[in-house]
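Listed next as structure tokens is one chain, alone, in the form predicted on its own.
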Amino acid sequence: MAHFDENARPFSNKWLDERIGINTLKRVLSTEYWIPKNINFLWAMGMVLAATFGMLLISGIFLLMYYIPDTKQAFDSVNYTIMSQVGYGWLWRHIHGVGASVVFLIIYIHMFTGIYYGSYKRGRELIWLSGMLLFVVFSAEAFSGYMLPWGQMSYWAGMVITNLFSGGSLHANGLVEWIRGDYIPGQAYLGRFFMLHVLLLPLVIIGLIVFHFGTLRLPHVNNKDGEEFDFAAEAEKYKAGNKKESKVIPFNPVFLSKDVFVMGIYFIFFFYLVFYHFEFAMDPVNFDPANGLKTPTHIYPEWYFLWSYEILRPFPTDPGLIAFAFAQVIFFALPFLDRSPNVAPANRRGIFKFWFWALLVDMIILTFMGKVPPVQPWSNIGLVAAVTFIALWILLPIITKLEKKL
């Protein structure tokens, strides 16, 4: 039974600790959460992602004050009111636009770091699966946000993406109309995606971030060598003063200070883009108001969706939808397709090393091919890259099962 100190000042540290165990929480999640020493700056990408999401939330709140979710006023509220009538409105829009794009660059770095170092193996499956769920929800959040400026590319990209739910020869047009709230994107469509973008999906993201960090608590984060050791014993060494001999450091303040340093470098890069190269995050076609009677010459999604879009594009309708669906779910299966017992960097894993770099290069090629018009020779290159992507994942269980134990 807890003992309560009646003389403790209300809301003091002691008063709060007696009621909600604040010191225990701090110890479990912070000062006695142990991190391996042999890691590099790539392990800070999770905190960089969380900080970027925070920037997106703050800038989104300021934009929300002046944005009007109406098909007749949305375009002007973004491109006229916010950009020229509101003090520093342009800054908040640039922060939001650049953040929405850069966050995916960090996500892909974070994902491929996990793949390279095998951070999805040996008890860490839930870390990977929760991270992939975050990727899916972030993708939905980005797509819903792309609709809100109600420019030409917003309208037509939304038209193309929602048409995917027709299922090709399944002719599930009723599902498409249910998603849009109409036969074509209109007021109901904009209102629904506005609600998803500003309320439902951010709440899901926050919940998944908490869950993702929670999954890290017991198996602990991986390290550069994939080494397994007794965290409790190494922590005792550290607390006893043998810091050089210990293989671990406390999350707070030691590892957190390194995270903050990496975030400082990152935000220099981030605000350089915000002030000097923000245009990369804003498609020129989207500065024309949405017009359902004028189709753009070439319709394409944002750069972070181009690789999966290009997997869809080279094939006929039904095979293309199957390939697209395959690309969306296959990363979830990675912990179960990798049959090797080794938790080690890719450069120590034989054929897997070539598989990793082939996948990375192939996705970069798919991204470039997704932006260019579907004409020769780009169409053939895109087709080869799409087939290669599928083949690589089919081969993964075979090459990892043959891998010798290190």
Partner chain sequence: MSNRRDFMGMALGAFTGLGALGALYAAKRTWDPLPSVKAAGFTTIDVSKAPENVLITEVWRGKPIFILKQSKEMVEKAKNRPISNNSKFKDIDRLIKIGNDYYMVVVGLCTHLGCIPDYRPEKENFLCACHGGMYNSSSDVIKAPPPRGLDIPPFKIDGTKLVLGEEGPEYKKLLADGITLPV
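The shown structure was predicted, so the numbers you read here are calculated from the model rather than taken from an experiment. Numbering follows the first chain given and starts at 1.
This next part talks about the form predicted in complex with the partner chain, which is not shown.
- Contact with the partner chain in the predicted bound form, defined as a heavy atom within 4.5 Å, is made by none of 144, 305 and 325.
- Distance criterion of 4.5 Å from any heavy atom to the partner chain in the predicted bound form singles out 195 from the list 195, 329, 203, 232.
- Here is the short version: of 221, 209, 133, 159, the single residue with a heavy atom within 4.5 Å of the partner chain in the predicted bound form is 159.
- Note on the interface: of 112 to 120, 92 to 100, 233 to 241, 175 to 183, the segment with non-hydrogen atoms within 4.5 angstroms of the partner chain in the predicted bound form is 175 to 183.
- Heavy atoms of residue 124 never reach within 4.5 Å of the partner chain in the predicted bound form, leaving it off the interface.
- With a 4.5 Å cutoff on heavy atoms, residue 164 counts as touching the partner chain in the predicted bound form.
- Mapping the unseen interface onto this chain, residue 150 falls outside it, with no heavy atom inside 4.5 Å of the partner chain in the predicted bound form.
- Although the partner is absent from this view, residue 299 contacts the partner chain in the predicted bound form, with a non-hydrogen atom inside 4.5 angstroms.
- For the partner-free chain shown, 292, 293, 294, 295, 297, 299, 309, 312, 313, 315, 316, 317 of 291 to 326 come within 4.5 angstroms of the partner chain in the predicted bound form, judged by any non-hydrogen atom.
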